[in-house]
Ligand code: NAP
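Only one chain comes next, encoded as structure tokens, the form predicted on its own.
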């Protein structure tokens, strides 16, 4: 028990337990050990955090955008000084490989604050001249921003929301996932250390029912930015709609990876495998459906299986590990149930399908699923169209570009996708016909933070990133002055 971390809420510049003194246990995905306890917060804790944010709002909103950008730089510097600690905590809390936690989670969290600081320094309001008047657009804070973030990229996605929210003059109440609370608390420590004005950033731990729901429905919360599952997103939208809050929802995906017949298999295979299994497939952008031109179907599968079989699955703390554990026992069981369903639907398990062989005894209590490749499923089967969110991909042949586009659009989701081809022009033309918020051609997760991020259909509402984030986290007011 001595190794169990006890976390607190951070409200109005103070560390506090939940008012009800109830706790939620946090477990290590790699070995199932109890590693932390967090407050099981309720509406009373949310009320206190919102009140603190409201009280801090006027002074914070009065600062210039350049001054607030300066605060983001301070946070980035302090966070960078603790980058290794971020990586270690993220790997422990999520079960992901330490190499991934360093290169993606820790690095990107710092980069998000730096990027939005730069956006703030470069920000210019629009001026529209008429023959007899001048229109000037003024960007005002929305107010209190409720930020709800998921367990797969905890600090990465929290920083993606906190940075632009603060930059545009809002105050924040953040509710991270109860399954991965550690780096959110570390961010609160950093914010306290740099001396951000009291009440500007508040952190409330807890579950969705007792803490998330009161946050989304709170009458004094003006904006909700949510990243998570589609089913939860529907409930967030219902809760927020009655108060006419600004709303951004980044939800699930069932993304297609399209392999055209002219693909350079040897040079692109490592990137295609990464797109399939990064973070154990627990990334909303992963390509869980691989559509392969029929002329190269067999040769591609042979090369793909060889690459997948060579992936190192095991101890997240090992520098050589490429795939770690899934987030929870419940989620592992869900993923395994889809693998069972695939067999019921007529699919063939080409590799994987259960726990990886050779996991050290120390990790036998963890939540493991080996990378799994399934062939022979109809493109409209449940396993081919429903989000599994694990290290599972399905393979599907197509005869021409039109059929590939038809299969790619055969789901209720539309978040991302990728196309792999020697003909960039043809790939770009295909991309325009796919119902998705983001498409990569000959790359995946190649991110320019200035571009819009978000999905269509059941993959979400709204866009964040660059000027889209600045617009969402502010109210554009027009002032027209007649000459």
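Treat the numbers as computed from the prediction; the structure is a model and nothing was measured. Residue numbers count along the first chain shown, from 1.
Just so you know, the form predicted in complex with the named molecule exists too; it's not on screen, but the next bit is about it.
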Pick from 307-315, 384-392, 354-362, 261-269: which stretch has a heavy atom within 4.5 Å of the named molecule in the predicted complex? 384-392
Determine whether any heavy atom of residue 335 comes within 4.5 Å of a heavy atom of the named molecule in the predicted complex, and answer yes or no. no
Is residue 420 close to the named molecule in the predicted complex, meaning a heavy atom pair under 4.5 Å apart or at it? no
Residue-level question: is residue 152 within 4.5 Å of the named molecule in the predicted complex, judged on heavy atoms? yes
Is residue 30 close to the named molecule in the predicted complex, meaning a heavy atom pair under 4.5 Å apart or at it? no
Among the candidates 324, 253, 164, 146, the residue which, in the predicted complex, approaches the named molecule to within 4.5 Å (heavy atoms): 253
Would you kindly say which of 235, 73, 189, 403 lies with a heavy atom within 4.5 Å of the named molecule in the predicted complex? 235
Suppose contact means any heavy atom within 4.5 Å; which members of 151-177 contact the named molecule in the predicted complex? 151, 152, 157, 175, 176, 177
